[in-house]
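Single chain ahead, by itself, as structure tokens, in the form predicted on its own.
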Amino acid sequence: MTQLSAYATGMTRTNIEEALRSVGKDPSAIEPGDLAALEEFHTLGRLATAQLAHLADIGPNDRVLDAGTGIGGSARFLAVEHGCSVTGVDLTDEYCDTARWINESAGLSDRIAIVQGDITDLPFDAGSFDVVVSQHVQMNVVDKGSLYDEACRVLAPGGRLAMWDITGNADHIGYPVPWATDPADSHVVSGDQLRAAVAGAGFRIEQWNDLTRPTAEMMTAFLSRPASELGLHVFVPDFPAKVANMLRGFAAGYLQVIQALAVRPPDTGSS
């Protein structure tokens, strides 16, 4: 099985099933909102996805690629709330299998396709999508050029790339963090470097917003409350330590949160 060491535990589905039963829910008949607190593994979770969908103006006629879908939470939100067709891609088989199970249990398998694959070498034809959504994924990707070249290739002319990402100075990161247990899996670059990689793939950058401060404030307030029984700690090992290290990075200024929108111009080549 193809896995990424920061994420694969062998227990993702089992732990989620046990957590659902502990709160009186049937794992074979999940409602789309049952897992809202744990199924989106990125800062601000569902709120960030909702804001990004609004920024990208995602509608029911859009063909959306969720690049780095994890267990598929963002894909399910977009399919249910925006009525679009969604394809989710992730490198980790365990996450793909879990996403397919939840989709089937929630009755969404006909609206969401989950594909195991490498987002730097996508198995789709040029122009297959109208929107590519990428949330907290590129920190695990060494080859940023191929990542955004592929995003540009699979987008139709005028298609949008919607990003919610972490940038910063890799030399100061304290591990573990949510995307990596050690430096081997972490490939954080500065905001300027990330922006250059996106522009270098042929995108026209429409918005590039540093949301570090409000993100840190909202996360700190949220984490001060009693933990939900269906939170990310259910399937993310050492979740409190990982989040604490990330928040320290925000406070010290060596990690930033970026929300961005970029467009593939009509004259961009498709190969």
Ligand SMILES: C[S@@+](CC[C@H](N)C(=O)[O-])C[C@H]1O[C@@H](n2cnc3c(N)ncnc32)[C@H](O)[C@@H]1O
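The first residue of the shown sequence is 1; numbering continues from there. Just so it is clear, the structure is predicted and the values come from calculations on it, not from any experiment.
Just so it is clear, the following notes concern the form predicted in complex with the ligand, a form of the same protein that is not shown.
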Practice task
Spell it out for me: taking the ligand in the predicted complex, does every residue among 90, 119 and 141 have a heavy atom no farther than 4.5 Å from it?
Solution key: yes
Exercise for the section: Answer yes if any heavy atom of residue 136 is within 4.5 Å of a heavy atom of the ligand in the predicted complex; otherwise answer no. Expected result: yes
Practice task
Examine residue 148 and determine whether its closest non-hydrogen atom to the ligand in the predicted complex is within 4.5 angstroms.
Solution key: no
Exercise for the section: Using a 4.5 Å heavy atom cut-off, state whether residue 239 contacts the ligand in the predicted complex. Expected result: no
Handout entry: Contact of residue 95 with the ligand in the predicted complex (heavy atom, 4.5 Å)
Key = yes
Completion exercise
The stretch from 35 to 43, 52 to 60, 201 to 209, 223 to 231 that lies within 4.5 Å of the ligand in the predicted complex, judged by heavy atoms, is 35 to 43
